[in-house]
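Next up: a single chain in structure tokens, the form predicted alone.
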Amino acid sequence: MTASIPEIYVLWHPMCRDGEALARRIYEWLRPGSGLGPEVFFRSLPAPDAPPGGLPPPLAGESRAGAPPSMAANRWQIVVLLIDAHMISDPAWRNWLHVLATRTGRGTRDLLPVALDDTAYNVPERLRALNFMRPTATAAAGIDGIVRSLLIQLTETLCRMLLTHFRPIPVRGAAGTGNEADRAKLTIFLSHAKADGTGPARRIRDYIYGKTQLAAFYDENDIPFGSGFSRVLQRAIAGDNTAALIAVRSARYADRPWCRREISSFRVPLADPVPGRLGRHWHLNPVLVVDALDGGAVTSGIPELGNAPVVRWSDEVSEQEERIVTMVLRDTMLTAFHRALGRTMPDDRASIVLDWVPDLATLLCIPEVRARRRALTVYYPGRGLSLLELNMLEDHFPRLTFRSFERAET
């Protein structure tokens, strides 16, 4: 089971000017707080027993001559390589890259090379064959621009990798071709009211197709004329490659029946059968709300949104489409990670495992919770709900005991 739970390693040469700053921003992004997100480990400084200028400690499961044996790794490692001229010119580091690319140990190791300059492609042959991430910001944009560019590429890559563990992305053409270039793209569903929410939705759609390797479901383009609107819509919402939904909440959104139907359908948890487990597992695709209300506009509340995060839209904010798409992809990646981590929770017939932080609306969609017939333990991601949230849930569900992943007894 631990082989499905990724550990992220970030490697950079100690002489790399931006290495530590990039690594810390990656850590902060992948570990947003409250115990959410995968473990992230740094590898840059020499190991305590290494000679001056020597290599950092081995990765888990890596055997290295002259180094003490590291912990066995029957697990999944994702190694982010921040490659610059210093890493290329250092013979020890170049040899380490070769070792990492050719030896995987007992677990699974995926390498994600990042080209910080043009010398990065002078790596060992096995690494050179991979498609590098390339931060596209100019030097004038500074470290913040490089970070933004890198995070959107890294988040999209990790999101696709983790989702593939649970629902293999279908390929076009003949079944079993195995051609990675032919895999269907992850799709973000754009829910908006045509009356007053088209502007932000179109800009997000154009960004997705112009700047990412994703696809967008936008009903104006994706529901063929003469087709059954409801049937196509439901198939898109439940599609295997649909990763998340962005709801553009304008003043008219709440009173549009189709908008309410889209968000209601998307916020219904899906049963997630896990072979060999007695407890019930439930999965929920993430939702991000884009608040596109004009100043002073009045609209109705939408209970279906639950505790979905909200970001404010403004035509004056530059690159907000990038921020919105990156945020929803990170939530999708975190959901996939917590889906894997949930399979290590204590297991019995009186347990329920969620891959999202619970709220009233989503809990009421789970049949055994709604029935209120027996005591149940609910496991959920993170370190724990706030006391206010926990008291509210326990008032409504007195037969439920809520236990976070980090506080669960293992």
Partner chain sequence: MSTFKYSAGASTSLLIGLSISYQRDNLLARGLGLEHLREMLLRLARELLRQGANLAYGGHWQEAEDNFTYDLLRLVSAEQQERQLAQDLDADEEPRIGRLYNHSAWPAYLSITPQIEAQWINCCRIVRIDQAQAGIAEADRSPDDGTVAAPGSDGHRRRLRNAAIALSAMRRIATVGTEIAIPHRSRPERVPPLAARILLGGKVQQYSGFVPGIFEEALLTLDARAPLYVLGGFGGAAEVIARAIDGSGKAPPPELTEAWQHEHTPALATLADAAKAIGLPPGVRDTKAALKDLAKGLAGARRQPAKALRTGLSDDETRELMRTTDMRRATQLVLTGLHRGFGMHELPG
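Positions refer to the first chain, counted from 1. Model, not experiment: these values are computed from the prediction.
One more form of this protein exists, namely the form predicted in complex with its partner chain; it is left out here, but the text below deals with it.
Although the partner is absent from the chain shown here, W12, G35 and A408 each have a heavy atom within 4.5 Å of its partner chain in the predicted bound form.
In the predicted bound form, its partner chain sits beyond 4.5 Å of every heavy atom of R370. With a 4.5 Å cutoff on heavy atoms, R343 does not count as touching its partner chain in the predicted bound form; it lies far away. Of the heavy atoms in P48, some are within 4.5 Å of its partner chain in the predicted bound form.
The closest non-hydrogen atom of S4 lies beyond 4.5 Å of its partner chain in the predicted bound form.
When you look in the predicted bound form, the only residue of I352, L363, V357, V40 with a non-hydrogen atom within 4.5 Å of its partner chain is V40. Contacts between 390-406 and its partner chain, taken as any heavy atom within 4.5 Å in the predicted bound form, involve L390, N391, E394, D395, P398, L400, T401, F402, R403, S404, F405, E406.
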